[in-house]
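Have a look below at one chain only, the form predicted on its own, in structure tokens format.
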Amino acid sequence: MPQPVPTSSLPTVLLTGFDAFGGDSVNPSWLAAKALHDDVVHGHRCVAAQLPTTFAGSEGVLLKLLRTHKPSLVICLGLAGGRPAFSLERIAINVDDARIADNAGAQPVDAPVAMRGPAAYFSSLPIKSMQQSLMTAGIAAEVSQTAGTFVCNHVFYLLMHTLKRQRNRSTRGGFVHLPYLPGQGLPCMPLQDMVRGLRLAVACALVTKQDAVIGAGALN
């Protein structure tokens, strides 16, 4: 009888979420990512990791995760309070402009994420296909044109900038914002729906090699 393949030998999907910030005691992005840690989706092992909600600290953690796991797919998650759905982000822009201080007290204004980077990057996730997959399953989803200018966008831009500069550019990546949890604010979404939706999003991204509507690359 064939022996099961150890999950440690499977290609990796990296899922990141943030720690709590802005006075909240929890961050649904981390809770959703953590719930899929060690799950196997379409022959890929999901690895969840938490990023600090800081401009400086998130960079080092993300880059180390990319070097360590060499993932085939990366989905970074964040909280967007006030949004009602999975927000599949289309564009990361080369601007840090913080309305509030991050968890380390930093509050950059009109600062570049990368000094010599392009103005913006498109996500390389099949966001339109992912949206359709989520909506078909009864989970609210939308394509968002902006990830803001706080730490979420900082991480999104840094991810795409790093993937673009790798020799092997087969790794796909992007960013998804999640709503509040019940009790945090309105509109909100139950955690079990976020976890179910994230699993569907991962599966769709793994099997959809190219979105029918948009491509990937840099904006100059």
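Note that the structure is a prediction, hence the values are computed from the model and not measured. All residue numbers are counted from 1 along the displayed sequence.
Heads up, the form predicted in complex with a small molecule isn't pictured, but that's what we're talking about next.
Contact check at 4.5 Å (heavy atoms) against the small molecule in the model of the complex: all three of 18, 29 and 151 pass. For the options 127, 79, 134, 76, the one in contact with the small molecule in the model of the complex, meaning a heavy atom within 4.5 Å, is 79.
Contact annotation: the small molecule lies within 4.5 Å of heavy atoms from the stretch 143-151 in the model of the complex, the single such stretch among 68-76, 143-151, 115-123, 90-98. Interface residue remark: residue 53 is counted as part of the site for the small molecule in the model of the complex, having a heavy atom within 4.5 Å.
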